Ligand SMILES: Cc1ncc(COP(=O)(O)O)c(C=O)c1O
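There is one chain below, alone, in structure tokens, taken in the form predicted alone.
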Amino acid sequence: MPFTVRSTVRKMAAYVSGENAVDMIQLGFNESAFPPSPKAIEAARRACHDTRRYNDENYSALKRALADHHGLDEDRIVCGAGSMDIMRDLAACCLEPGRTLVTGRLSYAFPAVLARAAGAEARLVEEPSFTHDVDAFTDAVTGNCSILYIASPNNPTGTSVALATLRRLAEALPDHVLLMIDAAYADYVTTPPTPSADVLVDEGYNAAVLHTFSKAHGLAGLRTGWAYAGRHVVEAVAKVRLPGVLSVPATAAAIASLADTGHTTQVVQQTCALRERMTARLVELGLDVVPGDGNFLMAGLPQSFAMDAETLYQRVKARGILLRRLANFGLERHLRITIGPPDDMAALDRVLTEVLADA
């Protein structure tokens, strides 16, 4: 006899993150272009000797390291198996039938998935210029809204929202709305450098700022993330989170990577340099590139090109490189391109030059 599935889940399509293949160049997952810190690798290796024991459920050592490194209040830090894990916990705390999550139509799709799974509404705000319209987000908030999700830099567009604008948004929200700020790609925002959105929490706004070690720290395979939020949010998450979901090796690697600031700085600088070179090259090839601050680019095919994005995707794939389709966002003429290692970007340049010659 089949098991019973909630009607909200039964009606949903499965969440798909993209294609993968071990024998192809992967430029569709927004992974780091460079390996993690050697110190992080060694810390994880040593920690494997202790994996017979469960991890500290409070992740106290990692919280202390984060608090010391960023100058934050340790009691306002939540840790989890990547920022998606923490998103899921926040959704479990806030979303239920009759409630609403507000997000952008061109924003990271997972928060909307969590809302629908909970039986809540995902209200999508239009973003015709590929940037978050904060006033439109505010206008979408009603009395039954529980979470407003905003990513800066945003995925898949790469565009950012200034801290002053985020503060204006936080000021405009009713007290019952949690402002969930996804800062997964914030390490790559280098011009101009600005304070982290974490300051909004310390200023007393009802916000949760999500971070990850999966991007600039190169620890995507260890699924390590954290958030900075008000103590009332931390207390609520503690009631629903899965204990010990963050592994001992992952915790050790994160602490070591955090301390190796020289390595992370070098990774960010090299990634941004590759991003700028690829931007210029894509423009030379005739593509429309959205100026972005992440470790990826969103590129569009002008109407003058005969092919659409799916055709370009398939032709690039046939030559051994995976990009990211964006048709699920309604972007039929755009693809997202992760900034990969220099050799991978050179290979992409050669393939695009060949493929677009016939466009």
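Computed from a prediction, not measured in an experiment: that's the story for all the values here. One-based numbering along the sequence shown.
Missing here is the form predicted in complex with the named molecule; even so, the following discussion is about that form.
- Judged by heavy atoms within 4.5 Å of the named molecule in the model of the complex, the contact stretch among the candidates 77 to 85, 255 to 263, 272 to 280, 239 to 247 is 77 to 85.
- Site residues R99, T103 and F137 are none of them in contact with the named molecule in the model of the complex, judged by any heavy atom within 4.5 Å.
- The single contact residue among A184, V177, M180, A120, judged by any heavy atom lying within 4.5 Å of the named molecule in the model of the complex, is A184.
- A single residue from the set S196, S214, T131, S146 has any heavy atom within 4.5 angstroms of the named molecule in the model of the complex; that residue is S214.
- For the chain shown alone, Y205 is not a contact residue for the named molecule in the model of the complex, no non-hydrogen atom being within 4.5 angstroms.
- Contact annotation: R223 falls within 4.5 Å of the named molecule in the model of the complex, judged by heavy atom distances.
- Taking the partner from elsewhere, N155 is found to have a heavy atom lying within 4.5 Å of the named molecule in the model of the complex.
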